[in-house]
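Next comes just one chain, in structure tokens: the form predicted alone.
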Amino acid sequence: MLPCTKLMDTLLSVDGLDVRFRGHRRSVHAAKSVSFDIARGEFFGLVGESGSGKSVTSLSLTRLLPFDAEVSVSGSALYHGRGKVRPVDLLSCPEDELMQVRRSGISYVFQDPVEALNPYLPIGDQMRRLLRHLGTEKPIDRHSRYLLERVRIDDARRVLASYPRELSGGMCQRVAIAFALASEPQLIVADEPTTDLDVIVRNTVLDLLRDLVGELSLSIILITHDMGVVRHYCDSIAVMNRGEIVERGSVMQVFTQPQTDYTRMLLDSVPRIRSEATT
């Protein structure tokens, strides 16, 4: 495991998050009393099988779920943003305050970068629209190139002139991370950001995210089912099963002294290479 990032004070504190989807015949309890804290400068892993409630939990934080009669959300998610005298409860604050957090506090990187990008516009046009929407005062074309260079894209001019279909999956994911950085966030939620990438490209993307934690003092929530990735990159971990967090702790604690059968099952699923001595 890599050395842990030095953790500072709390950036996000989630307490008793509860999410229910109501249907005609039955309701689905997708998140049940979920609680965890994210420190400034922390690489946090939210782990579990598909359908365990990880993505629902992350989307609830900034009310990106359809908050209507079919969805009920309760609990609190206190965000201690940059320059905030008091924390903002993301689940109950006014819409204008929440929009400010979305614009300059919390960004998302989603699973499929190609789907996240507009296929009908070159990357440069999409970046310019985003920066204008964010109201940046920096020269837009120069800042667009800077953001791509920040995510280790050497030929930024070519990429800005390209359509998403002309780029590889790994390149599209780095572009998506650049988009997430455009708002100068304090927290990035990366939801299975390497699912469709090969191992080498996957590690390149994860190395990039880890380096951004140190370089920009970001916090990252990495949503994944891959315990091997968590062990190598994260500082701490929360394990989810059927909408509940069943175990929390530092990566060292969870991997060396797992407290639940479910966590042990996930750990047993990590491939191991054994070498046998020959005589």
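This one's a predicted model, so the numbers in the text were calculated from it and none came from an experiment. Numbers follow the displayed sequence, beginning with 1.
Only in words, not in the display: the form predicted together with a small molecule, which the text now covers.
Is residue 49 one of the residues lying within 4.5 Å of the small molecule in the model of the complex, judged by heavy atom distances? Within the cut-off, so yes.
Residue-level contact is defined here as any heavy atom of the residue lying within 4.5 Å of the small molecule in the model of the complex; does residue 228 satisfy this criterion? No, residue 228 stays farther than 4.5 Å from the small molecule in the model of the complex.
Determine whether any heavy atom of residue 214 comes within 4.5 Å of a heavy atom of the small molecule in the model of the complex, and answer yes or no. Residue 214: no contact with the small molecule in the model of the complex.
Heavy atom of residue 56 within 4.5 Å of the small molecule in the model of the complex: Looking in the model of the complex, residue contacts with the small molecule include residue 56, since a heavy atom lies within 4.5 Å.
Specify the contacting stretch among 37-45, 231-239, 247-255, 24-32, defined as having any heavy atom within 4.5 Å of the small molecule in the model of the complex. Answer to the contact question: 24-32.
Only one of 184, 192, 97, 125 comes within 4.5 Å of the small molecule in the model of the complex by heavy atoms, so just point that one out. That would be 192.
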